[in-house]
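Only one chain comes next, encoded as structure tokens, the form predicted on its own.
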């Protein structure tokens, strides 16, 4: 019986906070400089953070919280709270002070925050705040100008996928006063690769994953630029390998994981192909059984025996090229230009990442048998 591939499941979960946040050094430094340092000196500032899902916003802020446990930092989710007053009441509960959700003024809330925190600086991180900003501008005004209005030192970090400023008019922005903004960019393929390597080293046993496997996952997830997607692919690939009793993660485990996250290929897609094109796609599947990618020449070689097997006339190389272009247009395969290494130029590689090649090959065989 093969041993388990996963040694620690927590690093494969989205809620896990790694010991080191990589590729977010600039963002960490700006948060420290613009929010944490002023708070330690008794001054409150506000920061707006936005960026696509999976760009590291939440994990970076949770890391800040762990690093500065002695500061009064409270993390709240605006979607569950609904409005800014409820967010502040929830933060007070975390401080040990219970207040009613209704009938409480902002002055009462901030007075209790000051008393409960012994007049120490408080930082409130408000995640998924876009809807609250749209629906509760008065609450936003009271939070961002709490120091001026109520004499308390409360810093605020607003977090959203979209830039919250797009919901504000120029007049509203001036009313709210000065505050900093920061965008978390999407991760590049190389950044995703190092993030995956970090998580794999923490979560998986040695010799259960290869550099090629991590490269393949980072290539697939690079179109999203999302560490969340990449880590979920790694997690489900590991589960797939364990389920089949494998000793290491394979390319097909990754394809199976991708199909679970975003099922894409269906028989309706295959129905758009002519029988000869289906045979060529079957040749692509055979070429990818033990590899992440293939090329047109290998597909051409494998298709020769398949055309003979199915009693069809042999086709020429131009027909292969036309078919590969059609398969890419339909989104069934991917074509990527890749370097050969050692300054040998580039080549066009063919990849398939939305479904395990074994599953796709069986579907194709079933269709060909019916023709």
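We call the rigid core whatever largest set of C-alpha positions still superposes within 1.5 Å between the two forms. Here the structure is a predicted model, which is why all the values come from computation and not from measurement. Numbering follows the first chain given and starts at 1.
There is another form of the same protein, the form predicted together with a small molecule; it is not shown, and what comes next is about it.
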item	value
Candidate stretches 280-288, 192-200, 102-110, 216-224, one within 4.5 Å of the small molecule in the predicted bound form by heavy atom	192-200
The single option of 59, 332, 315, 47 touching the small molecule in the predicted bound form, heavy atom within 4.5 Å	59
Listed residue that, although the small molecule is not shown, lies within 4.5 Å of it in the predicted bound form (heavy atoms), from 236, 186, 85, 228	228
Partner contact for residue 32 in the predicted bound form: the small molecule, 4.5 angstroms, heavy atom	no
Residue 347 within 4.5 Å of the small molecule in the predicted bound form, heavy atoms	no
Distance check, residue 149 to the small molecule in the predicted bound form, heavy atom within 4.5 Å	no
Distance check, residue 14 to the small molecule in the predicted bound form, heavy atom within 4.5 Å	yes
Core-aligned CA displacement of residue 363 at least 2 Å between the shown form and the other one	yes
